[in-house]
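Next up is one chain by itself, shown in structure tokens, the form predicted on its own.
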């Protein structure tokens, strides 16, 4: 797969933003082929004065107050996330896009469980950059809006669109920070957003291109190119068989594509003996449902059923780029779930690596089968904590929709860290119940120790989590059901329609926080 993107990501030196008449002409990146995105805050009805950002005020002074004048006479005050374009205001910028940031200093919204300022900036900057892209300018400078990281995330996430196999592509555009203030935070935002875009690329890729083998190769190539502290093991079927991961293999055997067990080790801590944080990701590169076949409508979206593997792998790639001082291990059982003469049949019984037997009454409940062996294997690393991510159940989509990732955990400390991270990123999590009530529904199986579906239709996400819990003994474990956040239609304004790559940034922020707090978990 070619890793072309519609956005060039860099933090390049550029000309002084506002040269005086005596200054020399700008270099090639300045002038009529560049756009500028600036922010404006919402004002109360009684306030008549336009309230620009710091960068906006500086620009307005250079153009002798013309920007505020035009904003005052060109229509009503800009609403949050809306844009207005002005042309020929300054010799260095063909067009200036003004974006509405909403109320200044909104802070954390306790009802919404996110930092409203950051979310407003991401949405506004994404809208402004798309306007510049539509004008087909190759360069755009972005106002940091008081939060350079959020601005960078909005720009890079907002411009991304998967067009790998299209002849007609969106115009490439290079994103630059306007001014020099906050360059480090801006760079961090670029890396966070690029990490989520990597997950989006993997999830969006057609299943005949992103096979288990190719997925593992792409992540391996990425990691080896950015860090010497990374070891990547691409385990083949013989290794999986030797590990007696029969639950995983039972899903893989229905496909001609060979299974792969991807194992990533990132040694970020100076203490080589420090227990690692272990991530496990469901890696079904295409899910037909197997013998319990899914309806044909929208089945193409099941190319993204490896979203758990994509997000945890991309989070580790991002952590490695940021040189986060923590030890990480990523485990991704990768295979396809297809119907064939070799595929699992409803009523089959398999023995997992742990020794427990599983009655498979629904072959479309395959994610928990591959995760069971991976979770049990994760304990062999003496983990500080285990976190798994999986597009596991349609029931989670029904429960929460695309608003938040559902989290099932046996650890309050782990939950607190995930929750606080999600407030910062805006990619929210919500805690779900992990009651014994649900465990009883999967342990009451007529033929085996466990059944891979609950006794009743209700509480499907909860019974799936209860099933996974049967393969976990670690005191700090969290299961993230990301089925509801797999795709974006129009719910997240700074993401275009398609696979969302969520919650990669929340995982990266979570990793960063754990690296700074050695006592919480």
Ligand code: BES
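Numbering follows the first chain given and starts at 1. Keep in mind it's a predicted model, so treat the numbers as computed, not measured.
The following text describes the form predicted in complex with the ligand, which does not appear among the structures shown.
Enquirer: At 4.5 Å between heavy atoms, only one of the stretches 480-488, 34-42, 61-69, 467-475 reaches the ligand in the predicted bound form; which one is it?
Expert: Of the stretches listed, the one contacting the partner is 480-488.
Enquirer: Just to confirm, with a 4.5 Å cut-off on non-hydrogen atoms, which of 117, 194, 427, 287 contacts the ligand in the predicted bound form?
Expert: For this set of options, the contacting one is 287.
Enquirer: Which residue, 366, 336, 373, 143, has a heavy atom that falls within 4.5 Å of the ligand in the predicted bound form?
Expert: So the residue touching the ligand in the predicted bound form, by this definition, is 366.
Enquirer: Would residue 450 count as touching the ligand in the predicted bound form under a 4.5 Å heavy atom rule?
Expert: Outside the cut-off, so no.
Enquirer: Is residue 393 a contact residue for the ligand in the predicted bound form, using a 4.5 Å heavy atom cut-off?
Expert: Because a heavy atom of residue 393 falls inside 4.5 Å of the ligand in the predicted bound form, the answer is yes.
Enquirer: So in the predicted bound form, does any heavy atom of residue 245 sit within 4.5 Å of the ligand?
Expert: Judged by the heavy-atom cut-off of 4.5 Å, residue 245 is well away from the ligand in the predicted bound form.
Enquirer: Any of the heavy atoms of residue 282 lying within 4.5 Å of the ligand in the predicted bound form?
Expert: Output for residue 282 is yes: heavy atoms within 4.5 Å of the ligand.
Enquirer: Let me test this: is every residue among 74, 84 and 101 within 4.5 Å of the ligand in the predicted bound form, going by heavy atom positions?
Expert: No residue of the spot touches the ligand in the predicted bound form.
Enquirer: At 4.5 Å, heavy atom to heavy atom, what parts of 103-142 sit next to the ligand in the predicted bound form? List them in sequence order, or say none.
Expert: Read in sequence order, no residue approaches the ligand (within 4.5 Å, in the predicted bound form).
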